[in-house]
Ligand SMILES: Nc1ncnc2c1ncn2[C@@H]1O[C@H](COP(=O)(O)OP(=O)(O)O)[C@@H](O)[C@H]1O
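Next up: just one chain, as structure tokens, the form predicted on its own.
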Amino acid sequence: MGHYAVNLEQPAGSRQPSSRVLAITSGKGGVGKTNIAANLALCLASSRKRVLLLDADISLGNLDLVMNIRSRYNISHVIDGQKRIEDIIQTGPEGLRIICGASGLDRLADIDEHEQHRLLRHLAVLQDDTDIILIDTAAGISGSVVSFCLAADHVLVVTTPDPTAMTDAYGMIKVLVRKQYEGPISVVVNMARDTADGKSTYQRLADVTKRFLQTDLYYAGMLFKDEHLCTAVRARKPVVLAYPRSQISSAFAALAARVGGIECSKPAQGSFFRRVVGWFR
């Protein structure tokens, strides 16, 4: 059976990474992943954590639409030496730092050693000045998505009760387990009809993962269908800002508290950005 709570302690005497990295992913599109990433990041930032949100969809990134911000530059301009990392960061509400429109991340597979060192030098500054980095991956199980997840300290898989979404979420989990991902994998159930629907969706995924992959999935929470969220999306404003007193905003706050408290059982070694470049190569 899966767990509805998790307390994964750091080994005594181990060195904490400069920041923790949470990859938010899904097996398929249309499950609300980017909205969850944006609202979760804002909730974490409001708790006085230094948060960086990176849109890592190299082809269809839409974080800028959700946050209603524009960015002329992206990581490719840093790789090319045209811009510094500070030039491509947008500052959002609650001091949240955002890197939008991450086109150019596909170049990580091809950059030479000089470009790699330049990029890592810039990105290392961000990690040293950040408590939590949230990565909004693309949907699916492409090589770039898996690379970001494998380099992260914790993976949050988004699904809905829809059978195809659950099947694709399990597909992502299976890839991570077979590639020997060592961090915690949590599940958040979006668009649940009610509490029973959300918990049964999680439990079905947890049971099949335990049975066939011998791996525990952790329960991050559930989000109900909510008209406030639909209205906020149309207004291009995160729901936790548009309707802070709504039920869905309270659910995001609870999700942030749970995810923000999860520690890795085996801390990843070295910089996240060095690890992710390594996975791409």
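The numbering used is simple: start at 1 and walk along the sequence shown. Bear in mind that the values here come from a model prediction, so they are computed numbers and not experimental data.
There is another form of the same protein, the form predicted together with this ligand; it is not shown, and what comes next is about it.
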The one option of Arg70, Arg48, Lys225, Arg236 with any heavy atom within 4.5 Å of this ligand in the predicted complex is Lys225
Picking from Ser76, Asn190, Thr201, Thr209, the single residue whose non-hydrogen atoms come within 4.5 angstroms of this ligand in the predicted complex is Asn190
Residue-level contact is defined here as any heavy atom of the residue lying within 4.5 Å of this ligand in the predicted complex; does Asn62 satisfy this criterion? yes
Evaluate Gly30 for contact with this ligand in the predicted complex, applying a 4.5 angstroms cut-off between non-hydrogen atoms, and reply yes or no. yes
For Ser249, is any heavy atom within 4.5 Å of this ligand in the predicted complex, or not? no
Leu229: touches this ligand in the predicted complex, heavy atom cutoff 4.5 angstroms: yes
